[in-house]
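Given as structure tokens, the chain that follows is alone and in the form predicted alone.
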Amino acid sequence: MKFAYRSRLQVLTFSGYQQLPDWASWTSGLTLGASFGLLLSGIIAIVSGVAGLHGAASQTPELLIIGTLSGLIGSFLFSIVRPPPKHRTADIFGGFFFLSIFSIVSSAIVFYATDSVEHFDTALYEATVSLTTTALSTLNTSQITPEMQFFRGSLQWAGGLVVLILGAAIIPVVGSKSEPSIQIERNEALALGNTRQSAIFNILKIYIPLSFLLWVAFALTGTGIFDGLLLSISTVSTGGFVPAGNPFEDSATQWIAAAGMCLSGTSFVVLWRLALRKTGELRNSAELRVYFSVVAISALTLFIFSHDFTYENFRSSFFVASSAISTTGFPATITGEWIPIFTVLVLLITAIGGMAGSVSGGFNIRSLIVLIRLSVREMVRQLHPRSVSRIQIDGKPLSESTVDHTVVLQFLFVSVVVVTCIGVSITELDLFSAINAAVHSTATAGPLRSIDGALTEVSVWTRPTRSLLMPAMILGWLAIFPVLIVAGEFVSFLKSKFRSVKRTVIEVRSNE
């Protein structure tokens, strides 16, 4: 027999090698998502285990074993997939949803097997908090080993990268490509590259160097190599995971973290244009102006009305504002007087979040601008019913489908907050704490504050309460809309199967 090269899409039969048919779009998308999720957590676990070999690594064997098994299963799933030439949009979103679920489950096994947590549901919660970059962790950093700290930090760093790729390079623009305003938005979405592949590559060229520069900056302040690494990956991913001790007592460390959080809350399209020195395109950016205006106004409000006009209080005020709007959630407070309105202010800017196309969660500045201008347009139409005007951003008209999408996103965001608030209120929390927890979970932010500004320990909540926050974290991390598209597709699939079974039953009965 003559041996020939066999590709992944061919199989040996009696008549020779034949090409196998492609998988359906939905089975391919979901299987690829599951494989990437397992590979993601597996690779992080292996790297964490190897990194712990230099010292007294008590969890290195568990990390290496679980990481290897997760990686092997993920590699196997990836090897058997025969993707079609093009995936449907809903199946792409489904793949990202499966990536999150399988990565969370695999990471939860790591947390539970290494005795980092006592219960598996707590392990699932901690894995969800890590991947979705939500600063509501229950872990005591001083009580877990360095390799588990590295695993926890690396998982949130990868989670920030995944959601950035989803938001800036994968999510397509809905509508007709022939409409001029739709084409403008499509070009804006792909400003990082002409193709999604080049956009992802350019994101990596910003995300990785920014992480490295922050690492070097933190290390030079005396934080240390390892703690500096944890701080850098927490800052760039807006994850809010802090190493043992209080590194933000140092003035330089706090300023570096505040600058890093501001950059992470900025659109990566903006950072890419800055890297290419295309500053002219940013001068008229309304979203960029609003973003830094919110940071400045919030910081000045905290500084002025706290009645402490010291340098330390100014630095702390800017740090708190940057942490809130970027949804990073580093634990810090101002040195002056904390009045109740400050808690409401921090909660408000946390819900808004950073710019579209950034790592931060929340509703985002761009959607807020669209809603404000939509409200103004509708009020004008009440006075002038025949007036025709289109909503513009930076002098470019937006399509009505984009405006409708923003309104739907607002409704979904509020709905997730309300449902989550009701759920955690039933378990144990009072109304204000429930609203606070629901907003921070949906915005993938933290930490929670009481009305007097004191930081709330999430670890004292009951396990059912924390479990109810997990769906909101996943929905907020994946921008809500894609997850609900997947849910709609799944419901349609179940309905079609039900109709098929019903028709079969009717046919059988008629034949009888």
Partner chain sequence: MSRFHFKTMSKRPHTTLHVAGTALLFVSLMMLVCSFVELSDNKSIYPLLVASIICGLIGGLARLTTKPGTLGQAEIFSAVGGAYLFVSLFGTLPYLFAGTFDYGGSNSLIEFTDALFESISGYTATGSTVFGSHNPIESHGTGILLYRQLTQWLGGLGIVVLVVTVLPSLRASGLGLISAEAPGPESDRLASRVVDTAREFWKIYFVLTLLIGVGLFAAGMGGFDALAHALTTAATGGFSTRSASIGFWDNPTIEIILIIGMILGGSSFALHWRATKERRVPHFKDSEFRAYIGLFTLAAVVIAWILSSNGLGFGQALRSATFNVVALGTSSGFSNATGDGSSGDFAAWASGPQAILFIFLIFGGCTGSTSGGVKIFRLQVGALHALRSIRKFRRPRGIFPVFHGSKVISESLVQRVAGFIAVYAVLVISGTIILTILDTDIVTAASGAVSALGNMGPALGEAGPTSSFADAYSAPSRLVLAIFMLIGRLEIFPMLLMVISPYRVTKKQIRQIRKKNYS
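Numbering follows the first chain given and starts at 1. None of the values given here were measured: they were computed from a predicted structure.
What comes next is about the form predicted in complex with its partner chain, which is not displayed.
The three marked residues, S375, L412 and I451, each reach its partner chain in the predicted complex, with a heavy atom inside 4.5 Å. Only one segment in the set 421-429, 156-164, 256-264, 237-245 has residues whose heavy atoms sit within 4.5 Å of its partner chain in the predicted complex; it is 421-429. Of the listed positions (L300, V380, L220, L274), a single one reaches within 4.5 angstroms of its partner chain by any non-hydrogen atom in the predicted complex, namely V380. Contact with its partner chain in the predicted complex, defined as a heavy atom within 4.5 Å, holds for exactly one of A252, V216, L204, I341, namely I341. Its partner chain is not shown here, but in the predicted complex it comes within 4.5 Å of a heavy atom of A90. Taking non-hydrogen atoms only, P385 approaches its partner chain to within 4.5 angstroms in the predicted complex. Interface residue remark: I485 is counted as part of the site for its partner chain in the predicted complex, having a heavy atom within 4.5 Å.
Using a 4.5 Å cutoff between non-hydrogen atoms, A286 does not count as a contact of its partner chain in the predicted complex. No residues of 284-304 lie near its partner chain in the predicted complex, the criterion being any heavy atom within 4.5 Å.
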